[in-house]
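Quick setup: one chain, the form predicted on its own, written in structure tokens, and binding and motion questions come after.
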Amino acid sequence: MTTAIAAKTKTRSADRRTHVQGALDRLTALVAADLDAVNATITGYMQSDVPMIPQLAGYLIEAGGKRIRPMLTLATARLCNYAGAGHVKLATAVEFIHTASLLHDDVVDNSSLRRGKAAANIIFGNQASVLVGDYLFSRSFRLMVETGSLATLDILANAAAVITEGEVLQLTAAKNIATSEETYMKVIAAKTAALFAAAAEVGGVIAGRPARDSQALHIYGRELGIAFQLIDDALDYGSLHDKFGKSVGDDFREGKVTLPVILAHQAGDTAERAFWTRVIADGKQHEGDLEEAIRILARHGAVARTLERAHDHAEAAKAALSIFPASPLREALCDVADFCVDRAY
């Protein structure tokens, strides 16, 4: 009997994993026509008489991103029965804000890879990356204005400012091995979750839904964004990294203080803390240090604890959608929350 129950549990788990792994495909299918319109709008609005602008912007935009953030805007607008076209411009603005922040982020971090390819700053240089990022920010604001919705302009403009605050906060905490969990959560809430939250919220706002509905969408996006970033933190120390354009150890080599490192440092002994100080704070890394870091993280269950936190935030994201009637869109949005967590396994 025990063996039979275990077999059924394993089968259910495998079935769920298959279902979750198709979450993005299902969401994409539900907003396919709108997403095609977003892609066309992206192409149109990143054009310029200066050839390097569309060349550099296109290099990153076409590098295989999943378009999760703009799809949130499209899906939440449809979830709220929006029948206009403004959500396409808002979703495009969201993608431009995201792309601009990536261009700036890679320059600040001196990153060499983005989505498995050479980062734009490596190909085109830091100055061009920063300036094209600025151009995309300006185009995003034009798109917002063209919707005629001051409320959505306020939400997305505020998100753009919060993202920058998160970048600056991260910069002040860079290589600081004493960074607290509270500070790090503030960083990811600003740097990552703010745009997820805004992307989801504006779908309800453009549809003219009550504040209660838009706030629920904001919470969904925020919790999803936090879960997404925590999983990225965990993936840096091993998992299905090859499927997500990120190599194991990218954050480690760049000296980033992420939640797994914070948890391991807090729980570590004197020798382990000295190790983290050398490899992160001092930036003195030797062959075999990444493997040692992974062993220390495993010793203290730091990655597992990070995954647990991500799971909790994903559950909170799904709970926020419970005020909406059951529908394929609501189910797909809930599945995306599960996907963000399950991609680590």
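None of these values were measured; they are calculated from a predicted model. Start at 1 with the first residue shown and count on from there.
One more form of this protein, predicted in complex with a further copy of the same chain, exists but is not displayed; see below.
- Only one segment in the set 200-208, 165-173, 79-87, 271-279 has any non-hydrogen atom within 4.5 angstroms of a further copy of the same chain in the model of the complex, and it is 165-173.
- For residue 265, no non-hydrogen atom is located within 4.5 Å of a further copy of the same chain in the model of the complex, even though that partner is not displayed.
- Contact annotation: residue 177 falls outside 4.5 Å of a further copy of the same chain in the model of the complex, judged by heavy atom distances.
- Of the heavy atoms in residue 252, none are within 4.5 Å of a further copy of the same chain in the model of the complex.
- Residue contact with a further copy of the same chain in the model of the complex: residue 290 places no heavy atom within 4.5 Å of it.
- Using a 4.5 Å heavy atom cutoff, 53, 157 and 160 all lie near a further copy of the same chain in the model of the complex.
- A heavy atom within 4.5 Å of a further copy of the same chain in the model of the complex is found for one listed residue only; from 153, 219, 188, 259, this is 153.
- Applying a 4.5 Å heavy atom cutoff to a further copy of the same chain in the model of the complex picks out no residue from 284-299.
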